[in-house]
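This document starts with one chain, in the form predicted on its own, laid out as structure tokens.
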């Protein structure tokens, strides 16, 4: 079996896009296709994203036909442990991949995801602006961790469920050399949320944990560390995480519609964003740049005991 993929990174965070060699998941909507992919394409998901071909940090994306005819593609995002409803850095990577393939040119395009249609504007210089799905905050929750005491923060939907660790929480300083300490801290918080049964409105797991510190890059409003579902950190500022952050700031009256927010990542890359308001909905907009790093064929040899990844 051979699977064609294109690899890119957005602010340091990789995206591996499946562009051929795999059957199309079944379903009457993108959400149903995601469910079919989750249940019946596990070998492909694991083989593409896990070692020895991938790693815990790898985010995959499978291009599929859209149901909405106004969209240029549908997409199912996945990690080493499951699927995602939406992925900000991955969406920017998908746009760059489509540009690389010659399927789109600079302009505005729609992409259908399992959680809704997003809009992507590809500029001439390669910058991509993503108009995300509506985001919202459920307010503050506190949990008891094993090693760090009581930790409070906001539970927010930004296309995925996030726990935004509060300013007064005891957490390692957000800097690159502390990434292992931050991994232990955020893993402890994630476990405490699960034990405390803090979940999203749809019953979804709060599986992204985000910690903040002061920005270092000129113009950055804050620097973040984001624990992803694969139990590794986001090298980029995290598109859905930046969306969640801006939604929380707007809800608290700390960010006005149209005002730019520059989010720095643990690696020093940045996304710029702002929110607009449509009725009672908070609509986040984020921008970043992706770069294609390879175009290749993954070979799944029937004699290879690790062809479906290392579990």
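Computed from a prediction, not measured in an experiment: that's the story for all the values here. Numbering follows the first chain given and starts at 1.
Beyond what is shown, the protein has a form predicted together with a small molecule; the following relates to that form.
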> Does residue 238 reach the small molecule in the model of the complex, with heavy atoms at most 4.5 Å apart?
Replying inline: yes
> Would residue 44 sit within 4.5 Å of the small molecule in the model of the complex, counting heavy atoms only?
Replying inline: no
> With the cut-off set at 4.5 Å between non-hydrogen atoms, does residue 93 touch the small molecule in the model of the complex?
Replying inline: no
> Hey, in the model of the complex, is residue 210 touching the small molecule, heavy atoms inside 4.5 Å?
Replying inline: no
>> Tell me which stretch of 143-151, 217-225, 99-107, 82-90 has a heavy atom within 4.5 angstroms of the small molecule in the model of the complex.
In response: 82-90
>> I need to confirm a contact call. Of 246, 59, 62, 30, which residue comes within 4.5 Å of the small molecule in the model of the complex, counting heavy atoms only?
In response: 59
> Given that the small molecule is left out here, which of 160, 135, 186, 113 has a heavy atom within 4.5 Å of it in the model of the complex?
Replying inline: 160
